Every structure is written in C-alpha cells, then in structure tokens.
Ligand code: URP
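Consider the single chain below, provided in structure tokens and representing the form predicted on its own.
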C-alpha cells in the first residue's frame, strides 16, 4: 500500500492515485439493503457488483477486504449539497474535488448538486456546472434551480429533462431580490414539472416576511448572528411549506421540501402525507443535531459558522425532527453542505444579512446519522440505509443502479464498523473550510472502507482519490412519485360534472 502524504490542504491525508484493484471481494460482513440484511460476501469487478452471496470463491488476483463483524452497505447519496457555488458575494470554499473527497472519507459516494443558472439561463448554468465538475472524484447528479419564469425557461426545462439528465427543479420562496420566485411563477413551474415528469423542489421560507424581519432586527440594533435566526422564525418556514404543499395539490404534482428545519414545516409535511398527498420531506444533519443557542455565542467567528437558511432552530425542534425521520414523516437525510471559511463569514461581522449562509456536513453525515439514529436505537440498520442512500436513489429514479448492494448495481460500497468510535475535528476533516459545526462531536460507528466506482478510495484512514474519476449520472424523469398522477387527473375532471376535454399529461 502506497503511503499518502498527510500535508495537504484538505486537513487529512490525500493522494492523487487509486490503489484499488479492478477485482474486489468483501468477505464475512453483514450486507445491508433497505429491504433486508444478510450474511454475504460481495464480489466487485470493473466497477460493478457482480455477485452477492455467502462463501464466494475467487482467484489470486482479487483484493480481499475482511468485513467480519461489520456492515457492508450501499455508499451514501447526499441529495442536497452546494459545491463551487457563487453566493452572497463569495464562492463556497469546497469545490467539486475537495467536497467530494471529504464525502468519500465519510462514506458518501454520490451527491446531487444544485445548478444555479446565471441570470436565470438554465442552459448556461448547466454548461457552467459541468465545467466546475470536471475534477470530480465521485459520481454526481444535478438539480436545476429556476429563479425566474418566461418562455425561454420553459423551453430550457424541456431540454434539461429530455437531453441533459435532470429530473428535478428547485424553486426558492426565499432570498427576495435574487433567487425568490412569485406564486405565479411557482405555479407555472409546477405545471411544467408535472408535464415533464420532473420533481419540483422547494426552499420554503416566506421571502417577503424574512425581508421584513431583517429590517425589524436592524431597526432594533440587532446586527449579530442571532439576528439571522430572529429575522426568519419557524412560523415563516411553516407558512411557506404550507403554501407550497397546497399549490402542489392544486396542480396535482408531487413535491419535495428541501431541508425541513422546524416543527412548523414538519407538521405541514405530516399533514399532507396523512391526507395522501405525495410530499417528500428532506431532513438535514444540522436540523437533527443542533440548536440555535450557538448563534448567541459572544465570539462572532463561532456563532457565524452556524448561520444557514432556514436557520438552525431552538431546543425541541431537533428531537421532533428525529422522531419524524424515525416514523417516516421525513424520508431521507441530506446536508445542505455549503461551506464558507472564517474570512468569508466575517463579511457580515457588523450585519448578519451579509454573512454567507451555509454549514458543512458532507463528510460527517453518515457517521452522525448512525450515531444519532441507529446507535441510539431510534431506527434499524436497514432504515439507516434507506434514509441515507436508497430512498434518494428511488426518488430521483436511479435505483437500483445506485442505493443497493445487488448484482448489477454500481460498486459504490462502504464498510461500517458499529463498534469503532469517532471524534470530529476541523484539524482532521477533509473539507477546505477552517471550521466545523460538529467540532468535538464523539460517537459510535465509523466508516472504515469506501469503494466508489469499484475503486478503494478510503481505507486505513487514507484517502486515495483521482481528479476526474467521477461520472455525471443522468436521472430519468417520471420516477415512482408520478405513478397514478394521470389517473387522479381523470378522476378530478370526472368529478366536475361538466362538459370538458380531458387533457393527457
């Protein structure tokens, strides 16, 4: 095994090579899928899982990984990250190489990033992000943000879905004056998504009210990081979540609410799902673990690193969201990894409105969810695989290529030792940022091996990654959330008891 040079800008060992064999056998572990677990070996060749069964026999030219007493799982899929994103006068410190390297060290083998189109031009945005992702070291997909509405955007959405492999579009109800769309644009976007079989995603905060809340805080002389949370309270997240859900019901389209941060928003998701509406609620690690007391820290640099939107909430919200995740009210866990270093955050030292929003998490997600949800007894091991990998693959229509340990699936595999311990530190993490919102967190359960695309990229605390080895994953439209939508439309038209022409979607 080649020894990596530990003196890198990533805070941990990194190599620009791959030490893996094209043939790998993982022996003696417990293979965990979202639907079951079993004692099996896993045989990998040329980036694909070829066999999953007990006692696989192989020749001498195979790399053997002993997984005795450990769990063999699909690599994590992070549905929500922002790498190389230009935002609030800065660009995130993690690009597609450093952010993905950090992800691999933590057991995530694919992420879905958000294309933010310049001046609302979707095609230009796609080309820009493909260029940004040239140095990727793991597989990735794209969501596309829609930040304005006109006929050119509508036509570009068709191109994105039919030619570029994008099956989801994000609409911001926050960030007035930049990303925020009106209800009229949201309705048009929902209708277009439905016709294309693409899933609409919504950042749910009332942008007009947030703008008013920010003015209120400044008028009161509150300029520190605490003003960020005070200006956009949970009620504004709840209102926007409710509004998006009801407009989606009006159009009869599935809906995905990104980063549910509060009880208020979670309860709106729960109410909709209970009524039978197809609404997905995404939690993020920060919402499950942190509370907003950190924003009142007298040290600006400490408090500012926790500024994100929607904000981290007060005591009680995290526990409620954990319960919602464990009972299926929320379906999966992302990170909203959007990192800015201390210097970048200091832009808002005298005005919280200028602090670049975002926290880390792409490296820490898998172990923190394990420690919080599995080691604590809240969910099963299979549920863990579902919420960190499989459900994302199914929602975005790439299962079982991703999100499964099955013959024919991509060889994105991790070996997790439930008895190993971890401690998180900005001194040892692989992100380029100089802070970590989970600093000092200790727990049980650690990822000891990560295999991405059939390459061993993390083992023995060494990260062996190759720029440009990641692949863009096209995600086809009309995932399972669209099943039966046209029938529901027919039933609605019939219920009107009027002479109408039925339109097929």
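Numbering follows the first chain given and starts at 1. Only a predicted model underlies this, so the values are computations on that prediction, with no experimental measurement involved.
As for the form predicted in complex with this ligand, it is not shown, yet the points below apply to it.
Student: Select, from the options 333-341, 317-325, 154-162, 372-380, the stretch whose residues sit within 4.5 angstroms of this ligand in the model of the complex by heavy atom distance.
Tutor: Looking at the other structure, the answer is 333-341.
Student: Of 149, 422, 175, 300, which one comes within 4.5 Å of this ligand in the model of the complex, counting heavy atoms only?
Tutor: So the residue touching this ligand in the model of the complex, by this definition, is 175.
Student: Heavy atom within 4.5 Å of this ligand in the model of the complex: which of 308, 304, 144, 393 fits that? Just give me the one.
Tutor: Checking each option against this ligand in the model of the complex, the one that comes within 4.5 Å is 308.
Student: Looking in the model of the complex, any heavy atom of residue 85 within 4.5 Å of this ligand?
Tutor: The answer is yes: residue 85 has a heavy atom within 4.5 Å of this ligand.
Student: Is residue 358 close enough to this ligand in the model of the complex to count, meaning some heavy atom within 4.5 Å?
Tutor: Answer yes; at least one heavy atom of residue 358 falls within 4.5 Å of this ligand in the model of the complex.
Student: Mark residue 313 yes when one of its heavy atoms lies within 4.5 Å of a heavy atom of this ligand in the model of the complex, and no otherwise.
Tutor: Taking the distances in the model of the complex, the answer for residue 313 is no, it never comes within 4.5 Å of this ligand.
Student: Quick check on residue 365: any heavy atom within 4.5 Å of this ligand in the model of the complex?
Tutor: No - in the model of the complex, heavy atoms of residue 365 and this ligand never come within 4.5 Å of each other.
Student: Where, within 195-225, is there a heavy atom within 4.5 Å of this ligand in the model of the complex? Residue list please.
Tutor: The stretch 195-225, when checked against this ligand in the model of the complex, contributes only 203 at the 4.5 Å heavy-atom cut-off.
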